[in-house]
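Let's start with one chain on its own, the form predicted alone, as structure tokens.
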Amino acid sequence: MSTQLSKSVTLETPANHVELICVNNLWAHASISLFGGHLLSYVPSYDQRERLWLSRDAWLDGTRSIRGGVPVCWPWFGDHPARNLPAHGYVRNQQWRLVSSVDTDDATIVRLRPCAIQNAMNEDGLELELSITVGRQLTLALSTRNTSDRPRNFGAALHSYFEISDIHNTCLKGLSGQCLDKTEDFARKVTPNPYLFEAETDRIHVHPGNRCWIETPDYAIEVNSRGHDSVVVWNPWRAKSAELEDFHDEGFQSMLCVESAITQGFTLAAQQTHTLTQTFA
């Protein structure tokens, strides 16, 4: 049965491209790939400035995960101990379906679910839904429900790639305390102050606050998180980005990942639901 679309929502399939959900309302434009349940673009009407970075070399034909936008990492974050399993889980490489779209007085709400949750870990008993609210700000809410009769463990992330004008003139504010530096074998270090970028950055800020913001000379992007235990900050810099097929060589200069994440593992009780949320404007 086809899903009834709200007035602000259309389905589009450009040539050699994954199927897209396009939202156009009074407050913003957004595009969402049904491959991976992946938000690709968010442009508020009030300033017409793209908030999300998408690699010029991203694969958009559904053959591999998409570089940029907001990938959904679930039911684990990062590498899995079993080497035959993909980094960041498997739903970013699966087809999703549109459950509903609703226009309200101040936003459009789109709900998505993976078409199937099947993988080598046999994650029976876990259900996943992503709600995307497109208005003057953008909210992603990733809900995991445990329908089984026993506790289940999982991890997750909303792996947001933000568009910036120049990484060399960017400062991240609102994070403090200690972090785990993945570039130095997860060494525990003090969060930089000021938080500037001069080299490859891959840090896990465990038990941060709910708010941080990216500042550039021209604008700021505020990022709010809920239901997380970490904020992950990533920029591959020149050498690492050159090693990635889907990351154009100079792309690192105009992007910064600030991810709302569960990296320490979360135990979800039977018949309970957990929601990981990120909001930005």
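Start at 1 with the first residue shown and count on from there. The structure displayed is predicted, hence computed values, not measured ones.
Separately, the form predicted together with 6-O-phosphono-beta-D-tagatofuranose exists; it is not shown, and the next lines address it.
Using a 4.5 angstroms threshold between heavy atoms, V102 stays clear of 6-O-phosphono-beta-D-tagatofuranose in the predicted bound form. 6-O-phosphono-beta-D-tagatofuranose is not shown here, and in the predicted bound form it never comes within 4.5 Å of any heavy atom of W96.
With a 4.5 Å cutoff on heavy atoms, R67 counts as touching 6-O-phosphono-beta-D-tagatofuranose in the predicted bound form. Contact check for L196: every heavy atom lies farther than 4.5 Å from 6-O-phosphono-beta-D-tagatofuranose in the predicted bound form.
Just one of A28, V232, I214, L39 comes within 4.5 Å of 6-O-phosphono-beta-D-tagatofuranose in the predicted bound form, counting any heavy atom, and that one is V232. For the candidate set K173, K182, R136, H207, a heavy atom within 4.5 Å of 6-O-phosphono-beta-D-tagatofuranose in the predicted bound form is found for exactly one residue, namely K182.
Partner contacts here mean any heavy atom within 4.5 Å of 6-O-phosphono-beta-D-tagatofuranose in the predicted bound form, and among 157 to 165, 187 to 195, 106 to 114, 140 to 148 they occur only in 157 to 165. Residue D202 is the sole member of 188 to 226 found to place a heavy atom within 4.5 Å of 6-O-phosphono-beta-D-tagatofuranose in the predicted bound form.
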